[in-house]
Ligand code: NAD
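Before any questions on binding or motion, here is one chain by itself as C-alpha cells, the form predicted on its own.
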C-alpha cells in the first residue's frame, strides 16, 4: 500500500548511509497506515509536505562584514487549521530536519486535538557565536523572508531549540511593522509584555511531568521515590527536572551541551537551576560527580527523559538502555530501529507527540488569548493544560489497548486518524 521511503539519506559513522529524519517520520507513518488501513490517497498526502520555503539571506555583522545564512519554513499539513510550529536556530538545521519536525507537529496537534496543522522553521546558525545585535538582525531578516507564509490564520511560529521569547518578540514586531499594525497572534511564546501567556515557558516541561505521572499511575506506580535521568537541561529539561524533584522523584543525573553530572542519592534540582543561571552550565555543580553524557542514556533508572535533540537513542546504544520508562521531552530522540529494540526489551516509551505536547497546547491558549485580547491567569492556564494532557494520554492508552500495540503506534493511530478524517471530510479542491 505504501511507497518506499524518501531515498535521501545521511551518512553515518564510517560512511554508512542511515535514514534521514524525514525518512524516519515516513517509516512510522507507513507502519500506522498499515495498522489502520489508511486509504492510499490519504497516505500519499500525508507522506508529503504541503509547502516548503528555503531562503538565503544576508546579515550585516558587527564588524561590518555581510554573512549569508540559510533558513527554512515548512508546512506539512494544514487540513485541521493554521500551521503551527517552532523556529530553531542550530548549525545542523536543514530542510530534511524541518520537514520531519513539521510532520511531527501535524501529528502532535491532532493527538491533543487542538485546531492546528503542522509546521516548523529554522535557520542554520550557531546563536552562541552571534552578538545580541546580530541575532536580532538575523531574526528580523529571516522573518521578512518567510513573512509570505505567516499570519494569525495562516502560520503561527513559536520558540524551539535556541530560540526564546525575545526572538518571538522580534518576529512579531517585524511582521507587525510590515503589516502596519500590531499583530500579537502571529507568534506564541512571546514575553508577557507583548501579549504572551502565563505558563507558556514552563508548559512543555510541565506537560512531560504530567504525562509521566499518568503513565506511572496507569501501571499502579507513583512519582515519589522514582529515579529519573534527564538528557538536556534547557527550557524543557530543566523545568521537567524541577517538576519531578518537587513531586518527590529522585533526579540522579542531568546533562547539557557542556557535560553531565550524577548523584546516586539525588540532585537538588532547585539549587541546580540557580547554579546554572549564574554559571551558564550544570558542570561543576556541588554535590555531584562528572558523568560521560553518553552514559546518562544507559543509567539504571525508572524514568529516562531525552530532552535534547533528535536521534539520541539509536541502534548503537538502544540495547544498553536500562530505564524502565522513556518519556520523550525532545522531538524524535529515538530512531524507528531503536524503537524496535526497546520494545523487544520491554522498555515502555511515551512518544514526543504526546509527552512534549504541553508547549503547543499552551501556545494554542496564547493564540486564542491574542485573538480575543482577553487573558487567563496562570492557574487557569495550568488547569486547562492538565485537562488536555490527561485526556490525550487516556485516549492514547485506550488506543494501545484496543490495537494491542505500543504507545507510539497508538499515539500515531489517534493523531493520524484525526488528520485523515479531516482530509476525507474536506475532500479535494477543485
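Residue numbers count along the first chain shown, from 1. Nothing here was measured: the structure is a model prediction, and the numbers come from that model.
One more form of this protein should be noted, the form predicted in complex with the named molecule, which is absent from this view; the next part is about it.
- Shown alone, this chain has one stretch from 251-259, 265-273, 146-154, 218-226 that lies within 4.5 Å of the named molecule in the predicted bound form by heavy atoms: 251-259.
- At least one heavy atom of residue 307 is located within 4.5 Å of the named molecule in the predicted bound form.
- Although the partner is absent here, residue 331 sits close enough that one of its heavy atoms falls within 4.5 Å of the named molecule in the predicted bound form.
- Using a 4.5 angstroms threshold between heavy atoms, residue 108 counts as touching the named molecule in the predicted bound form.
- At a distance threshold of 4.5 angstroms between non-hydrogen atoms, residue 233 is in contact with the named molecule in the predicted bound form.
- With the partner omitted here, the residue from 96, 339, 160, 302 that has a non-hydrogen atom within 4.5 angstroms of the named molecule in the predicted bound form is 160.
- Contact annotation: of the candidates 212, 139, 356, 188, the single residue with a non-hydrogen atom within 4.5 angstroms of the named molecule in the predicted bound form is 356.
- Residue 88 is the sole member of 57-93 found to place a heavy atom within 4.5 Å of the named molecule in the predicted bound form.
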